[in-house]
Structure formats: structure tokens, C-alpha cells
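Heads up, the chain below is alone and in the form predicted on its own; it's given as C-alpha cells.
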């Protein structure tokens, strides 16, 4: 028996079968049955604003446990104010240079961060697909800003789909990751994510990001930022939300947020 056969035999034994008792797909119709995702897709499509806000609350609660700070805002302009406040209150981890890099996405372009950061000694890069220095700019940046495709309330996960002008390095290399998303793209759970991925398979890769990077390899002591960003923010635009001004947590800087 080869190595694969031994591995499968061990699994059969653990499940209470004999090592020789192999099964085929026809013996397990429920496991291999085609899944009808239409009901899931309908549920997503017809979700009310109240239901979406309930998901946002779950996302906030679960994100807090994973060092994912969720900032509900009522408009792109309010999102820009919040992101600027985060940039101003964050110091670079490895150098004194204040560079940030953002995905080439219409929502981020509309924020006009390079204008809002004028006079702040912050250099704003955009990860244009024809820029041969994107990798170097990502390495030098202390903040990466992206627009994930979805956010999952149940696990506080953002789902990033890569593409031209939207590399994985933007959410991976900088010490701080800021994600911008609209409320209608907040989903309940991974079942809804896979239903949407099955309905419209992405042309390139996708990555699931749950909170900041962390490891407890050494003496079970939790360390954040070991293999990726040590700090993560998710700015959620809810255009039906009533806006008020509130201080950004721990910064002393005021940004538009809440209700």
C-alpha cells in the first residue's frame, strides 16, 4: 500500500470502518449531491436594510475579538475622513517614511486621499497594473488600503479577490491594512460566500483575511503582525445610516462614524 493508501486507510479506521472497506461516490449520495444555491442567492439579494445592519453588528462584535476594528460610516466622504484619521494617528513600524499604497479601485480613487493628505508628508501610491515598481512601493508602505469583494459577519472575515491593479501584496506587506466595503457586501457566513463564488467564479485568486496576522508558536505567547499586518480596519459604508461625529478609538482624532 502506497503512502496515500495508508493515509486513507487510517481515516477509514478512525471512522469505524476496516482498512480494506473502501467506498465509492454512489454509496454517499448526500455528500456528493449537487447543491442548489438559488435559495441562498435569493436570501442575499432580498435582504432588508435592517437585516444588513444586524449583520454589521455581528461583524463588529466578532471583529473586536480578532483585532479587526469596524468603522460604520454613511458616505464615501465620511469614509475618507475616517481613513485619514487612521493614517494621521498611525506611525510607521519600520522607518520614518510615511508611504501608503491603495488598490486601483473606483471607490478609492474617489476618496482623493492624495489631496486630503496634502501637507502631511504622506506619499500615496496606487497599485496600477502597469507600474513595475508596485512590489517595492508595497514593501515601503506602512498602510495598505483595499476594497474587498465581501465581508463575512459570522467570522469577521474579508474576502479579497485579486486582479489587475489589486494585488495581494497590498493587504499583506504593510503593517496596517484598511479595507473599504459597502454594507450590501456584508454576508452572513461562508455558505453565502461560496454560493456567490460558484455563481460568478473569479478569474484570479481570492484570499480570506480574518483579523490581524498572529502566531503563538513561541511558548504559546500571542504575537500580532508576525506574518502580515498587525493592525486591521474595516470601513463599512451604509448610505442609509444617520451620521454623527465621534472620536476614533484611542486616537483623540475625530472622524465621521456610527449609528
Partner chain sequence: MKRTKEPTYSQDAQKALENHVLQSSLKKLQNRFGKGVMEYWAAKDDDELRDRVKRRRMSTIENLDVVLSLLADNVQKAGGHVYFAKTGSDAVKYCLRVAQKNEVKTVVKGKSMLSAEIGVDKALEQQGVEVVETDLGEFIIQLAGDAPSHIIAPCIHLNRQQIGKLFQEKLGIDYTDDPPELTRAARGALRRKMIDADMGITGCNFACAETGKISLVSNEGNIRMATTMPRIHLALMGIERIAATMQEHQGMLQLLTRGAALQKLSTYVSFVGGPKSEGDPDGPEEFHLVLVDNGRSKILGDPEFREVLACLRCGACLNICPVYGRIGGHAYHSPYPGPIGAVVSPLLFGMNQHADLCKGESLCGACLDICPVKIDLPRMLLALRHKLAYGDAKWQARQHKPSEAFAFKLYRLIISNSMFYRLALRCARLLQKPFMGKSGMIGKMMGPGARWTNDRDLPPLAREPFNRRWKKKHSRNQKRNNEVNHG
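Residue numbers count along the first chain shown, from 1. All values reported here derive from a predicted model rather than from experimental measurement.
The same protein also exists as the form predicted in complex with its partner chain; that form is not shown, yet it is the one meant from here on.
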property: Listed residue (77, 107, 93, 184) with a non-hydrogen atom within 4.5 angstroms of its partner chain in the model of the complex; result: 93
property: Contact flag, residue 175 vs its partner chain in the model of the complex, heavy atom cut 4.5 Å; result: yes
property: Residue 215, heavy atom within 4.5 angstroms of its partner chain in the model of the complex; result: yes
property: Partner proximity in the model of the complex: residue 44 to its partner chain, non-hydrogen atom cutoff 4.5 Å; result: no
property: Contact of residue 207 with its partner chain in the model of the complex (heavy atom, 4.5 Å); result: yes
property: Its partner chain in the model of the complex: contacting segment from 184 to 192, 82 to 90, 118 to 126, 68 to 76, heavy atom within 4.5 Å; result: 184 to 192
property: Interface residues of 117 to 150 toward its partner chain, as seen in the model of the complex [heavy atoms, 4.5 Å]; result: 129, 134, 135, 139
